[in-house]
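Just one chain is shown here, as structure tokens, and it is the form predicted alone.
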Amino acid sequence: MSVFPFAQPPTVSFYLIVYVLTLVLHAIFMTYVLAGSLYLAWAAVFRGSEETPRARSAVAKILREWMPFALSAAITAGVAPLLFVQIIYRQEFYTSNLLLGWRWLMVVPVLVVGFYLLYVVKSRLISNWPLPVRIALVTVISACFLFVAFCWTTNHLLGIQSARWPQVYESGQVVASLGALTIRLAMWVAGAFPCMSIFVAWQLRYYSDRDGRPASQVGGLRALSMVASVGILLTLACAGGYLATLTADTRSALLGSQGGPWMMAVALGSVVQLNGWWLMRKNGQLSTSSLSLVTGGCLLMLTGAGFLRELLRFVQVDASGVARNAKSAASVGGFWLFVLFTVVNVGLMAICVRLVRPALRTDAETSDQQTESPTV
């Protein structure tokens, strides 16, 4: 079978498959935080009408309430792919870290700042702060997560450009092509919005069921469908632009027998999502069947994109070195211990969700919120 990664040695295929699947799990939470912070920044700057300010919408309230938890889940779920990427691309990953220098060292402090600011923006105390301060707050939060996205994107690009390592070491210029970096980063940022929209849509549906409201009365459908649809189209457009920047051999691998099925998976997942959002917009309700449809399409799109991402990297690194790394790691053992702790962590996260899930209260449901100033 020539489809990537099944044509590789068994140990390489195993680690690549597990790596991509754990990366998809991490991406589900990561996109919620990245796209959610950008959505809140947009809602703060473009406030909408006085009757229905975007910062007080159901979507904005859910994002403010749940983003701290989502960031914790993203960091926790990111441990597994971080371990596997070091096994598969040992030399490329560590070299890229060193070449990034202070930028790579700043990733954790920036994440810490973003994490605590998410709790600040969640607090009702900031409703009394001046509007420019609140706008600056959500802008800083978005900048934190965009910086982390920039570092990971640059790390990936450095890892597949080993010929540039001496030049990067001497000059300190980690970006070879600003255009390629920008369009690749834009592709992943745009792709975060459909995932975030689905996550929030399920939360809105949960609150409507709990409060006994019909699905047709759930607010936020129009905004989420627009955000998701535009995000999908922008992702595909940026992907096409990024494909044009690659070498002929790399494009051949992505579009040929190795990457062709994953390309089809991305295309099919995109069409399924667009169709599901159109159906929900047409019917005016967040139905379970349509939400399940777009969720399946999103997972298909994420999985296909994950394998294409690794195929793009795999064809540009030393495949024999990857095989040696995988074989060496397979001889060490400990996989079932990893599985055990994965199950334990997933169970603990589920318990945390059940314990801390908040009630989404609208201004009409409680009198004290009717006089409350909107929070950003």
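Being a predicted model, the structure only gives us computed values, none of them experimental. The numbering used is simple: start at 1 and walk along the sequence shown.
Although not depicted, the form predicted together with a small molecule is the subject of the following passage.
- In the model of the complex, residue 33 approaches the small molecule with a heavy atom inside 4.5 Å.
- Using a 4.5 angstroms threshold between heavy atoms, residue 23 counts as touching the small molecule in the model of the complex.
- Proximity of residue 78 to the small molecule in the model of the complex falls within the 4.5 Å heavy atom cutoff.
- Not displayed here, the small molecule is approached by residue 19 to within 4.5 Å at the level of heavy atoms in the model of the complex.
- Between 246-254, 286-294, 271-279, 184-192, the stretch whose residues reach within 4.5 angstroms of the small molecule in the model of the complex through a non-hydrogen atom is 184-192.
- Contact check for 85, 145 and 309: all three have a heavy atom within 4.5 Å of the small molecule in the model of the complex.
- A single residue from the set 324, 47, 313, 56 has any heavy atom within 4.5 angstroms of the small molecule in the model of the complex; that residue is 313.
- Proximity to the small molecule in the model of the complex, taken as a non-hydrogen atom within 4.5 angstroms, holds for one residue of 129, 152, 165, 206, which is 152.
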